[in-house]
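Only one chain is given next, in structure tokens, and it is the form predicted alone.
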Amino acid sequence: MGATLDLVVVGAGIVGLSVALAAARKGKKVLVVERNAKAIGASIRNFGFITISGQKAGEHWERARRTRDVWAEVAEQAGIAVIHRGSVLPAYRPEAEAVMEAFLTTPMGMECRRLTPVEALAHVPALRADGMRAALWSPHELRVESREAIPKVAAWLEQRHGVSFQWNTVVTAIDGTRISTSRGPIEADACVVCPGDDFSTLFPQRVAAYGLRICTLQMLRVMPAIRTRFGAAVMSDLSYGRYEGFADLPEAAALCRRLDVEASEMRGLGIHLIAVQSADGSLVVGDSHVYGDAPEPFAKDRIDALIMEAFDQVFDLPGRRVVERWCGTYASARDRVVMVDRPADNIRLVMVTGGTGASTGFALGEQVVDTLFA
């Protein structure tokens, strides 16, 4: 590469790009090395939903707030469209309403508010009003189209911040300041490895110590028969029982017990509803969570059917049709939402281990770079 680099980042997903941005903003000379011709993993196979309300209380929620602010800056400068803002979480069960009310009393809920059903429909007219008790409005969230946004972030880093990229290149070993790759060695003062759900290429013994699993999820693109407007992202009672910012509240225990009876198959497959809108009017809908030692290679029609059953319980959109299906995978841990390991003073191994990379990655990147170049 010629002159010695300050930092090599392995992986061009959202976590790697976040580390690269944080380092570039400190004036560091950065190279991102990616094994594929472009980012193809979890960073593009998601909702593009930068979620704040519902994130695990404490440091992770703070990461989400900071990440949302960085996304707003990057989107404007990189020409990334913010398709809609905020989120609406209707509550159809009294137990879900109780969780919503409890959330509003926490520090995380201070900028959120309770909506009447009529107010909720003003944001998202396709919601089912029958049985809706109330809804939570969160003003914090942003929605971008991930498959378009991630390449634009990479191009912006290159053009605006001078970050270099080396695509179609596999890093095979890291020893001190020497990074061995399929295209030859690279010298850099520091290295941050952001491997996504690859547990075996770099530092496999260190990764194994964390007992990580692979989470496979299924997602759908749904086209309404009649164009409808989503002024916000939508979640549901199932989300109140799954997202830690809600589910860790004492009031969520009763909701979870009821959902375990009334929606036991959905709960067993980790299904909870998220629906966001794209620029063409279609909806990205999901998702499920199946855990194992490897990705599930085959999507299951039953899971798609259950996701759409959850969708139809919340939305009144007759004639809607599924026009696209895909699977995503990410690293998952039972005991943490992020993993930052230190193989050496100048090396970090970084993963988001709860599927929230888009929502928390920029802040995590700043934290990693701050410790690496302290």
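The model shown is predicted, which means the values in this text are computed figures rather than measured ones. Start at 1 and count along the sequence shown; that's the residue number.
Another form, the form predicted together with a small molecule, is not on view; read the next lines as being about it.
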Heavy atom within 4.5 Å of the small molecule in the predicted complex, from candidates Cys256, Ala299, Val170, Ala122, belongs to Val170
Check for me whether the small molecule, as it appears in the predicted complex, comes within 4.5 angstroms of all of Gly16, Asp198 and Thr201 - heavy atoms only.
yes
If contact means any heavy atom within 4.5 Å, which of 226-234, 187-195, 123-131, 151-159 contacts the small molecule in the predicted complex?
187-195
Partner proximity in the predicted complex: Trp61 to the small molecule, non-hydrogen atom cutoff 4.5 Å
no
Taking heavy atoms only, is Ser332 within 4.5 angstroms of the small molecule in the predicted complex?
no
Although the small molecule is absent from this view, report whether Gly357 comes within 4.5 Å of it in the predicted complex, heavy atoms only.
yes
So in the predicted complex, does any heavy atom of Leu238 sit within 4.5 Å of the small molecule?
no
